[in-house]
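Quick heads-up: it's one chain on its own, the form predicted on its own, in structure tokens.
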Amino acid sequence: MSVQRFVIIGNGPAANHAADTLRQQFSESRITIFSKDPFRSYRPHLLPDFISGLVKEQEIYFRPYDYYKERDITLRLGQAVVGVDFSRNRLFLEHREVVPFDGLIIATGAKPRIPEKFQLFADMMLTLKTPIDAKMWIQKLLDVESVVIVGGDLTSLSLTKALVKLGKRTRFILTEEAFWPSVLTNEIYKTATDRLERLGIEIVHCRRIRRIARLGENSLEIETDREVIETGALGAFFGLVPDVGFLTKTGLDIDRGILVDEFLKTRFEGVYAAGDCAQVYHPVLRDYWVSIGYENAAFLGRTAALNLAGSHLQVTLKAESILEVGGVKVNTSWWTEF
């Protein structure tokens, strides 16, 4: 395949490993990464340590700008892609620039999930997905002494550890919505609460949150089905959803994420999707699964690039490594990391 212009949308592990792999396969082709974020690629698992002061901001970024320059990879940060015309192989940037491509890898990752029932309170909730989010936490923690975390994913548990190190009174709410996409079984609930309590974290036992109200700039009131809690800040961790909203009217097959075959190929020639934004077909299950986690994303990014370069590598997982949650099949092992 003689592709001259490769474009990658996204700047996470799938995107960066795809770019590296393409450069290894094509020494002369043009490779461009577009990212809507203004910051370069970072290590998301270090964000809680950045908040706690354990690491400096510079340490959360894992590739200097020179890395891309040395490999002749064009990195365009703060350049949001708002649409793609697959019939003419071109994409549109927010500032109306039109960029042609011969091969495209979509690796836009995921964004924090706020369930519909909580969207009314979204402006009172802090998430943690990017360095900008981390800086918002750092600023907020200068003014508050207590935090309530509604969570269940790895990020929320890591952040909770950081809050304890900072001496903040930390309370944790585990609900079925917060633990998505994992199933909150009685066994997992007990295991999670036992580990959290050993860290000195207070568990708020409830089945649902009824209401959230702002009492002041640094004071919130949270009403559950069992009690009313006052706190300085509220962290919301309901898992992630693929960041593919701008592609919904482009002709791509989109369910939870972009539907691709077992080779990560979309319905369009020369267009692949990888990482958290993709739903990958599993020939044994005869269904689609989604990937969660850094290593999974990096692997899919490399595979998509190799297939775009002409390989025919099939992405298969053992059926038993994929769990089903609310109709969505997921490959994740994050719980074992806590």
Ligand SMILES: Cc1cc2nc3c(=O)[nH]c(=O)nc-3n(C[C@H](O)[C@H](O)[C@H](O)COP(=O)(O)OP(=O)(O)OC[C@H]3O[C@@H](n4cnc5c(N)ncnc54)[C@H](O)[C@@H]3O)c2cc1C
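None of these values were measured; they are calculated from a predicted model. Sequential numbering from 1, following the sequence displayed.
As for the form predicted in complex with this ligand, it is not shown, yet the points below apply to it.
- Of the candidate stretches 239-247, 116-124, 140-148, 225-233, only 239-247 has residues with heavy atoms within 4.5 Å of this ligand in the predicted bound form.
- This ligand in the predicted bound form is not approached by Phe50, whose heavy atoms all lie more than 4.5 angstroms from it.
- Not displayed here, this ligand is approached by Ile292 to within 4.5 Å at the level of heavy atoms in the predicted bound form.
- Residue contact with this ligand in the predicted bound form: Lys56 places no heavy atom within 4.5 Å of it.
- In the predicted bound form, this ligand lies within 4.5 Å of some heavy atom of Asp37.
- With respect to this ligand in the predicted bound form, the three residues Ala18, Leu22 and Leu252 uniformly fall beyond 4.5 angstroms at the level of their nearest heavy atom.
- Only one of Val81, Ile209, Leu104, Ala162 comes within 4.5 Å of this ligand in the predicted bound form through a heavy atom, and that residue is Val81.
- Looking at 10-32, the residues that come within 4.5 Å of this ligand in the predicted bound form, counting any heavy atom, are Gly10, Asn11, Gly12, Pro13, Ala14, Ala15.
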